[in-house]
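Quick heads-up: it's one chain on its own, the form predicted on its own, in structure tokens.
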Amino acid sequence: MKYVLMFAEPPQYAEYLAAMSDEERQAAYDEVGRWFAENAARITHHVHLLPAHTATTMRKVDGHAEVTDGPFVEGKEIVTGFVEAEVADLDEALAMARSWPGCPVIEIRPADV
């Protein structure tokens, strides 16, 4: 069964990363790289998104399309990437998510394919 793990970054996490030294930040990125390597057999696709300020949102209102800059969601947590994984069930998807070393918020959804 396919699940998508969406990684969301609260503002505090972005500040935490920004406060790291280059070496600390590289170590954190290396840890993420190891997570991808350890889960490579289950990951069927993944994407790291560019920062939220690069987003464009189109909203259909009364038959017209309104296009605005910025992310659709006005919440404080910004989706920064996602992984599509082939796993047996939600428990296996949750186990993957528990071992994720990056941002602290992960939304897990089954994918209808």
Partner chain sequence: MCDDVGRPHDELARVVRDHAGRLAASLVHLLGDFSAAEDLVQDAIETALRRWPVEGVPDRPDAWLFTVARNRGLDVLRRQARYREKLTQLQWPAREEPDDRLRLLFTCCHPALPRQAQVALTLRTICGLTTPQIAAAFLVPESTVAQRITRAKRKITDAAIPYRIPPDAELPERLNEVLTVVYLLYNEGYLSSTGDGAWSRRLAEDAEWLASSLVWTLPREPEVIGLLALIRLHQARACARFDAGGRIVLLPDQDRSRWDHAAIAEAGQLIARAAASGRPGPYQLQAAIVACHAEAPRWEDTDWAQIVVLYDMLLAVAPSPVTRLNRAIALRYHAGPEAAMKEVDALAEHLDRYPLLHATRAELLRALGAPEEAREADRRALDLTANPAQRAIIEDRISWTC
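Because the structure is predicted, anything quoted here is derived from the model rather than measured. Residue numbers count along the first chain shown, from 1.
Although it is not shown, the form predicted together with its partner chain is what the next lines describe.
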- So which of Met20, Ala14, Leu94, Val105 gets a non-hydrogen atom within 4.5 Å of its partner chain in the predicted complex? Leu94
- Contact test in the predicted complex: Met6 vs its partner chain, heavy atoms, 4.5 Å: no
- Item | Per-stretch contact check against its partner chain in the predicted complex, the hit in 59-67, 22-30, 83-91, 35-43 (non-hydrogen atom, 4.5 angstroms) | 83-91
